[in-house]
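Take a look at this single chain, the form predicted alone, given in structure tokens.
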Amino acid sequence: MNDLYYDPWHVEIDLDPYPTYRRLRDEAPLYYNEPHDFWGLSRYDDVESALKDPKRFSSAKGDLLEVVKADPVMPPGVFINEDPPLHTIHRALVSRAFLPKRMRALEDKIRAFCIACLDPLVGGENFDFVLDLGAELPMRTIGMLVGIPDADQPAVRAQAHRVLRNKPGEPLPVKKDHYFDGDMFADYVAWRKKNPSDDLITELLDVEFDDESGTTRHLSSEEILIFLAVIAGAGVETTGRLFGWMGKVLAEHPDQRQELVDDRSLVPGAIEELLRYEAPGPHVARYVTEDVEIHGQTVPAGSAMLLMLASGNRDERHFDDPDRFDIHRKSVSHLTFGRGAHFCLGSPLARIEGRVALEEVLNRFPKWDIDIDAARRSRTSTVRGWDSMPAMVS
């Protein structure tokens, strides 16, 4: 009997999924889970090909496995759950938030926030990579970008946190008739209409575009609310998980950490390797629109397909010695931000947050040890990481 088993909700597998990923790549590169009725791809080339093929592997029914299977009603504007050409139109509008000019302007604000978080901790014996930094910075950054007031950010963060939490071992509950909620921003958007500023909301209120019917128009209030919900939620949980892995992995590789202390030009490469080595978002899902033959088997139309990004990132067919953390790795080309039309729009922002935060941590705490017994895992199948990563500094 073949004992190979994988599902993304399995608590014990999630603690260290990499041996299971290796077996999947070697023994069942196209895997079918009968109890939960989904297919999975684990090799780098297969995952990358599927990500680049929105015609056969569609995002229109969601990008989480539970959502694809529930097939909920999607309001217009959830661009991460759209296919071209509609996705192309909406993504172009939201991409205004991530132009290089905006990113450069944000970097100084991100650094100032990191400094404000970390300076009070100097002289102490410990700090927490997640609680003291990772839990706050991503939401603050999105708030700066979009124009969400500081007072509203905790509620937005709590909502992003809540919708991605599943009970251990169980799929995330998804309501078929009410999946995406942008109502939390309604009062603020209404206020911005009367009080324009230089933030993204004001820009979205003013922009004219040609929709899928060729009509030139402004965005509806509902579309703007959905855009904001997507932007606010997308980067908060995933980027936040990067900080816990940063603390843990660099504590386990003190020689490489010292290289970063000595040469800050290595920091961007270290962030890329962290994203490959411990992907905060380990997988995405797609809906199979037509019968597809993969590795000699037919995946029937209507199936749910899990694309295991974190497994592809450890595929020895693509990376040399992939289970080794190496900040000097050449051409990392990880799958963590996806590929193709749905390549993560916020990736420049996540990279800036990771780089600036690591630089500021190293400025104050060049050495630390992790109290792994006190660290707390985040129990969610959608993002993988830590709710707390306490460090003892020296």
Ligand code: HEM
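In case it trips you up, residue 1 is the first one in the sequence shown, and so on. Everything quoted here is computed from the prediction, not taken from an experiment.
FYI, the form predicted together with protoporphyrin IX containing FE isn't displayed, but the following is about it.
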Report whether all of 117, 134 and 244 sit within 4.5 Å of protoporphyrin IX containing FE in the predicted bound form, measuring from non-hydrogen atoms. no
Select from the listed residues 361, 67, 349, 47 the one whose heavy atoms reach within 4.5 Å of protoporphyrin IX containing FE in the predicted bound form. 349
The unique member of 284, 200, 226, 148 whose heavy atoms fall within 4.5 Å of protoporphyrin IX containing FE in the predicted bound form: 284
For residue 231, is any heavy atom within 4.5 Å of protoporphyrin IX containing FE in the predicted bound form, or not? yes
Consider residue 313 of the chain shown here, and say whether it contacts protoporphyrin IX containing FE in the predicted bound form, taking contact as heavy atoms within 4.5 Å. no
I'd like to check something about residue 332: if you look in the predicted bound form, is any of its heavy atoms closer than or equal to 4.5 Å to a heavy atom of protoporphyrin IX containing FE? no
Using the partner position in the predicted bound form, report whether residue 129 sits within 4.5 Å of protoporphyrin IX containing FE, counting heavy atoms only. no
Just one of 247-255, 208-216, 273-281, 260-268 has heavy atoms within 4.5 Å of protoporphyrin IX containing FE in the predicted bound form; which? 273-281
What residues, if any, in 335-357 have a non-hydrogen atom within 4.5 angstroms of protoporphyrin IX containing FE in the predicted bound form? 336, 337, 338, 341, 342, 343, 344, 345, 346, 349, 350, 353
